[in-house]
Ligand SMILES: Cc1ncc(COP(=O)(O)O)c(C=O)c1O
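The data below hold one chain only, encoded as structure tokens and taken in the form predicted alone.
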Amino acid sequence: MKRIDRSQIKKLMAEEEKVFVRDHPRSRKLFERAKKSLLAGVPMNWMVRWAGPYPIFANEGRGAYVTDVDGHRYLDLCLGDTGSMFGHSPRPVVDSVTKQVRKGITMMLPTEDSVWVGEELAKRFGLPYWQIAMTATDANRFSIRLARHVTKRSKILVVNGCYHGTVDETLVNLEGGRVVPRSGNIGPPVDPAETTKVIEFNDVEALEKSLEPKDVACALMEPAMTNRGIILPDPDYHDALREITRKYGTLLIIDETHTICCGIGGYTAAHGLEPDIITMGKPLASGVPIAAFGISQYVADRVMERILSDGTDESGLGGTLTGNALAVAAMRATLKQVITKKNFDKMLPLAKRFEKGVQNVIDRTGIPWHVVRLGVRIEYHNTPKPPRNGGEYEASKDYELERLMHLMALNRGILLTPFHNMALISPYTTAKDVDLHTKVFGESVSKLLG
């Protein structure tokens, strides 16, 4: 396999940054202006993590494309890091939101749309009872509260390198067998070892050892890891996970926020999982903020009395805008007309085409990388073999190389997820779009190898 010359990375980065600055003068002016009123010059700090000396500023997003304020049009393979996974501003959702805005945005009352949404989620994901949240972070926080109430236990279990939003208990790493705050965690409220146990993904022995003391309320898991690249479960991992959690009385929460890329019922439906609780967010309303969590009959029987008590407004579940009419209307339109089998039947062949195109470049050039696909989500990474867990991925991650690949793609009209080399296929993505990425990826690899 070919070796990558580090000096070539630095040389190409300098060249690409010059191109970026030349082509994005208006974004630069907006960024300089924004730094006087917005912390770090952006409305949310992670927006500075895009490739380039400063972020590009968006003008509009339609379908599979985004246009910036300098007039450049990009094939968007990031798609809001799943928030716009099914395309920017799908027509049915635009129409539904426009209609609902005229009828009322938030009234602290349920609507008929909410009944339809609950019925549809139960049908797709197999759990009988559902609640609405604003974000997947909220859905996860609320679910952890329910699990602690049901089990009368305080600790939770997650995997190293997990992704569950900004839930305090999950912003953790496993270092030398110790649970520590994640390196970027700002102001952790307590020592995370007090609240959280952490194991590596695919480690069944560590799972059983962690649950054996019977002090863990819930195991909160993505069915496949998506925030340390895509890391797939071993063939029997989910069977063992379900068996061991039941053995020790630990509730199993499956976070489908990213893995809904596997189909209309996410990884859960595609692989026949049987969780106690399911959480999800981001794409459910095509980018309008909303999330949901579903619970089993067993959980419902043990929380209903508390939920219906006079103190529900102080329970730690929900908020004034939660379940508002506008968001629920957008969610109904998305589930009914956007997150459909018809769209997945179109997206999946294109995802396979994308994966094959990247693999062909790897094979042709001999670059020591791999590509992996999870439904319509694809990732490539700078190791010959896929990592089996978050620790292996983090040890292999090459931030400098990754940033260069992102900037080369951006300068050639393609947006990848800024945190890693992840791409999503939307219903608006075409074979021509996929082939454009293959072409740009191949040219970038050739430049990298000199």
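Computed from a predicted model, the values in this text were never measured in an experiment. So that there is no doubt, residue numbering starts at 1 and follows the sequence shown.
The following text describes the form predicted together with the named molecule, which does not appear among the structures shown.
Using a 4.5 angstroms heavy atom cutoff to the named molecule in the model of the complex, none of E208, H238 and T250 count as contacting. Here is the short version: of R373, H164, R228, K197, the single residue with a heavy atom within 4.5 Å of the named molecule in the model of the complex is H164. A136 is the sole member of A136, V158, A329, I260 with a non-hydrogen atom within 4.5 Å of the named molecule in the model of the complex. Shown alone here, E222 lies within 4.5 Å of the named molecule in the model of the complex, counting heavy atoms only. Residue contact with the named molecule in the model of the complex: H88 places no heavy atom within 4.5 Å of it.
Among heavy atoms of D76, none comes within 4.5 Å of the named molecule in the model of the complex. Interface membership of S143, defined by any non-hydrogen atom within 4.5 Å of the named molecule in the model of the complex, is ruled out. In short, of 343-351, 251-259, 238-246, 116-124 it is 251-259 that has heavy atoms within 4.5 Å of the named molecule in the model of the complex.
Taking the named molecule as positioned in the model of the complex, the only residue of 267-300 that brings a heavy atom within 4.5 Å of it is K282.
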